[in-house]
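As a starting point, one isolated chain is supplied in structure tokens, in the form predicted alone.
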Amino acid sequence: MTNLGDLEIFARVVSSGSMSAAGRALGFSPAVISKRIKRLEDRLGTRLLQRTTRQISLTEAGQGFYDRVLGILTGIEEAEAYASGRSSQAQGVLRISAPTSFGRMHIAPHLTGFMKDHLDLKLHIVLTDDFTDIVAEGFDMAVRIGELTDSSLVARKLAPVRRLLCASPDYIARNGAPNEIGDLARHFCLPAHNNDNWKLEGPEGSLVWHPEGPLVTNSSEIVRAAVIAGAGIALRSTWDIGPELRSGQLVQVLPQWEGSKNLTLSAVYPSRQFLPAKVRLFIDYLAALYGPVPYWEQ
């Protein structure tokens, strides 16, 4: 039977991206890590990792093995927690991926209460607007905004996401307000940071609008600042611009058209089976915090 320690070493090498980093985390030298990986590969009769002087990467067999090893290690962690009476407690390190702006605005300000309740848990939060492969990159869970699709991951809806078209009063004073959807062709439209088309729903049903404007950026926060400053019309989420709408810095345009109603804020994680307490407790915390009608809509 394969040594469980070898499985943990293999998983740590993959998640950290190098044998040196895995060695530092586990307290072994790179030579020991390499020897243990080699022993695992010899036992399995297949190469799991491709090694170069600069990096390592998973082979096809290695990727499939890694996906299954994570489930084994998670199950062991849950079994140990259950046997020691800690199944309702959060311990260890919780690795989370979340969108940059949402994480800054609606996760970071609320972490203190959760951390006070779970003193034995360390949070490792990475903010990124990239679509993170949480299994390959070693995350326990991710917070995502978008339309839920079929996936090997499990998703739990945390809150609805409402997107609307908006502009500053100064922009409207200079350029007028669009009266119908076709008027957008004569306005400065600010594309999203990922250059996605605008998926809209209105009196004529659903449509996809390709916004074209003078600003292209990979930063959602630059788009946000630009629309507030009067650079054009943008499609933004209410969680992002709620204060500006309430203060009048932004106004809704074409209110009969809004973003797709299929958008949700969700927590995703690799498996429903043997869900670690630390993941479950944090997801429950977010679900209670946002609720079916999130505070930014009230």
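Position 1 is the first residue in the sequence shown; the rest follow in order. Since the model is a prediction, treat every value here as computed from it, not as a measurement. The term rigid core refers to the maximal set of C-alpha atoms that superpose within 1.5 Å between the two forms.
Missing here is the form predicted together with the DNA; even so, the following discussion is about that form.
Comparing 235-243, 60-68, 248-256, 22-30 against the DNA in the predicted bound form, the single stretch with non-hydrogen atoms within 4.5 angstroms of it is 22-30. Contact annotation: R51 falls within 4.5 Å of the DNA in the predicted bound form, judged by heavy atom distances. In the predicted bound form, at least one heavy atom of S18 sits within 4.5 Å of a heavy atom of the DNA.
Proximity of S34 to the DNA in the predicted bound form falls within the 4.5 Å heavy atom cutoff. Interface membership of A231, defined by any non-hydrogen atom within 4.5 Å of the DNA in the predicted bound form, is ruled out.
Contact annotation for 240-256: no residue has a non-hydrogen atom within 4.5 angstroms of the DNA in the predicted bound form. L286: CA moves less than 2 Å between this form and the one not shown after rigid-core fitting.
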